Each structure stands twice: as structure tokens, then as C-alpha cells.
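Just one chain follows, in the form predicted on its own, and it is written as C-alpha cells.
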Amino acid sequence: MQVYDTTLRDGAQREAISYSVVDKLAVARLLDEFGVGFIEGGWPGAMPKDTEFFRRARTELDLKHAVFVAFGSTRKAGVRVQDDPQVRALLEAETPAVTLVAKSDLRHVERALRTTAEENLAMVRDTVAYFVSEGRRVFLDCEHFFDGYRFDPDYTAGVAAAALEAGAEAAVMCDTNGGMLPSLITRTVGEVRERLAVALGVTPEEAVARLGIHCQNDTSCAVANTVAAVEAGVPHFQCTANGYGERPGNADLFAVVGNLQLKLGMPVLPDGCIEQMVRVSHSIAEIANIAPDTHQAYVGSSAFAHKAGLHASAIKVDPVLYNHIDPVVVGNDMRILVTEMAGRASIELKARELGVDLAGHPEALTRVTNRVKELEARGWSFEAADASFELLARAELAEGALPRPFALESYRVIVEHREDGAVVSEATVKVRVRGERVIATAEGNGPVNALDEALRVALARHYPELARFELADYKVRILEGSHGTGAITRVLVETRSTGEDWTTVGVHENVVEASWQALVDALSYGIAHQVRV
């Protein structure tokens, strides 16, 4: 099997992605750690950034598993291959392999390239043969292969045959418009292998072994289409990390690899690499500056998250009953979500996950379960607020409750809109900390920030670890069914300290009060855990 990754070229065509040269070097290293066989680095000569990347890659990339690949087009019509600047740029990239793109749909040949069918075939033969003679491994991406095959199967199959006859290692069938379905992929691969067997004078099995597949995701079938092609005998498949790419994207590398290796038993990656799946996926997302998809198959944080009480009851007996694989195999974890749908089993398992033993305290378990259901009915949500849930669960265990670091006497927030247009927020808090009454005032960028700053000032002398706490995210949601300025508001606060993150929740008609509740939980949880550590 040949796992071919094109994250750095095709994946970079996704909106909002713009890799620097340093970014591309980092992504290439991650992909190599994941064990892919080929890394397509980009198009040298077409983009200055890619030219610089290939120059630096020669000395800065030490690939352990992957072969480095440069991408480019066949020679232009009417130009000798040796004289084509793009061909020279590909050669100067000095990669051991090159991938050439060629039109395989006769309509594109005649209307887009504005050349003849015969000249297009000559362009393919000449360029492939040239790079083979220069000692390069060559792949040919047959652009618009499936649409072209439906229009003129003889010509499209002929483009693939021309490349293979000239020495290409694989002719890659590209679903460039992303419109195919798995059944159509299977049928087309079967027909093409028979045509190539005749054209090349080999067996059908030998013919299909020289094909590749590249699928776009416009029908949400890119992963399924890729797997269908491999099951039909195609050994070379092209993907992008996290399915990045133009329009709806490409076949997701991690889902395809997971399906082939874990479901079909195909030896896709080297030993020990598939366990890196989650780490590599999330690291590439960070470099791309795109939040990881929480519901992405195999690697998403919700890929093995269970919400229904029925699921949790079965998982309590045996986790395998409701997980299609052991999450650890791909570097993931199982999570239990606590919601209004939660039963006693869900609460017990979630508490255990957070280090709180409710199994031996049935009365406390009942109280926590009832409390969660009551709060959820009023708009609270604990499935994304583990820290608030842990505080709630521990409060029902006399020996496990986390001490509150302070007691509130009162707080006040003032928002002043000045004549010059400036808006200033000021908060004053009165709290009791370790027997001492403390009053603190602070200004902030908005009432919530001012309140957070004032509370930190009040607690700083007693809890210096607060200096390490950072408000990482703040989300506000108006709950469904509530309207106007008095609507019920839910606030989620994410706090970060020394590599750890925790999320807390608050709910109230007043957004400042909801924020206060979440902030109090955030600081209480953080202080308690910092002290215990």
C-alpha cells in the first residue's frame, strides 16, 4: 500500500489556510512521524514560497518513513520537455519522486488546454519519460478522470495507459469535482483495469496494481470512495490531514488509514505509528490555525464520547460494547458526557473519570444525579464543563468536597460611557478569605474582565498561584425559548494554567451573574487542584 499525503499542496487550498515555510516544514515532520509513505510538498517554480520550502527541505528535513515529492504539470503544448521552465523547476527541486498533473477529460484538453487529444498524450509520454530518465519516481495525477471516463472512456483510459507505458509508477484516478459515489468508483475501477490490461498486455491484477485514487469530498463520500477503490485493488491512495482542501475538502487521511488498517486489516502504516493519530491530527490543526473538529472520526474529542444513559450503563459493564475500537489504539480517550439524559451510570462513570468515587456512596450518587437533572432543566450544561461537574460531585461527598477559597459578601460592576466615546468598566468585590475581609477594585475591558481582575486582586495575597491562571476562552449563549434583555444566559469559561485547561459554567438571567458563577468555579477548581498538585 502507498499512503500518499498532499496536505501541503492540495490541503493548503482550503480557505483560511496559509502555511509559512516554517509551518510546512513542521507539518512534513508530523506526517513523517505518522508514517505516511509519500509527502507532496507543493509546486516548486509556480510559487516562490514552495520553491523556498523545497530548498530548505533538502537540508532541514530528515524523513524516516516518507519519500518527498514535488508536484507540477506536464510540459506545455508545443514546447520541448527540456525547454519547459516548469519542468526544469521540478527537476531542480531534487526530490526523489515527482507527481505530474495532466488532463484526462477530452473536453478539458480541447477547451481548457486548447490543444489536441494527440498532443496531450504526447505531453504525458514525454514528461513522464523525461523524469524517469533522470532517475525520478513518477506518479501521474489524471485530472477529472471519472468525469472524463464517463464522457469518453477510451480517451481517459488512454491517458493513464500512456503514463504507465512511459514509466510512471502509478496513474492516479482523480475525482477532481468530487461527484462520485462508492458504487460508481468500484464499477469504474473494474472497467479501467480491464482496459489497461489489454492496453499494457498484462493481467487485470497487474493493471489495477498500477492505479491510484484521489477523491474530493463534494458528496461527503471522499473517505468511502477512497476505501472502495482500495478494496477494488488500487494500492496507491492520496489524502490530506483532517480532510483539508478546496471546497468541502479531500479524503481525510486519518479516517482512511483508520478504516483500512483497523477495519480491513491492511498494513498501511509502520508499527507504532497509528497511535500517533490524534496527536498528529491536532498538531496539524494548530499549525493551520483551525480548531480541531470535535466530531471528526477517530481523532475528534467527541469520537468516543457517550451521552445516553443506556450507553453508559453498557459501558459500565464493558467499554467495548459501545466503542467501535479501543480509543487508545489511535491515541484517543473515551468520555462520558453529563447531561439531562444522564442516568446514574453516566454520572458514576463521569465522576470516576474525574477521580471522584461515587460507586461506594449510593446516596451521594442519587443526589448528584438529581442535582444534574434539575440544573440541566434550568439551562445548565455540564457536558462541556467538567470542572463545574467535579465541584458539584465532590460537594456531595463530605470527605471529597473541595474547600471554597473564599466567600462572597458582595460585588458591584459599573460601566461608564464617557463623552469622548470611551467605555470603562470597573468592578468592586467584597470577599472573606481565610478569616480576612478583603475589598478590591479593578478596571477591565468590559464588566466580566473587570470582575475577573478584581477577584484576582482580592485573592492574590492568599493564593499567589492565581498569577499562572489565564482566561483562555469565554462563550455566551442565549438559551432557546428565552427572549429579550431578560433572557436566560449560559456562560462557559475556559481557564488555562501550566499546560492544563478546565471549563466551568454559569447560568442566570443576568449575564454578569452567570459570568461570576463560572469565574468562581474556575478559580475554585484551579486553586484546589494547584494546591493538591
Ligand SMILES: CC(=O)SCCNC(=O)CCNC(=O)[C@H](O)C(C)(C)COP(=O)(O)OP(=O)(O)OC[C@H]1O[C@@H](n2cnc3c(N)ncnc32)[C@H](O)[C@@H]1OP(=O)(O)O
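Small disclaimer: the values here were computed from a predicted structure and weren't measured. Each residue number is its position in the shown sequence, starting from 1.
One more form of this protein exists, namely the form predicted in complex with the named molecule; it is left out here, but the text below deals with it.
Only one of 156-164, 89-97, 261-269, 112-120 places residue heavy atoms within 4.5 angstroms of the named molecule in the model of the complex, namely 112-120.
In the model of the complex, the named molecule stays beyond 4.5 Å of every heavy atom belonging to Ile347. A residue is said to contact a partner when one of its heavy atoms sits within 4.5 Å of a partner heavy atom; Tyr298 fails this definition for the named molecule in the model of the complex, lying far away. The closest non-hydrogen atom of Lys103 lies within 4.5 Å of the named molecule in the model of the complex. The closest heavy atom approach of Phe71 to the named molecule in the model of the complex falls within 4.5 Å. A heavy atom within 4.5 Å of the named molecule in the model of the complex is found for exactly one of Arg150, Lys76, Arg412, Lys373: Lys76. This chain appears without its partner; in the model of the complex, the one residue of Glu169, Asp386, Glu426, Glu143 with a heavy atom within 4.5 Å of the named molecule is Glu143. Residues of 1-28 that come within 4.5 Å of the named molecule in the model of the complex, judged by any heavy atom, are Arg9, Gln13 in sequence order.
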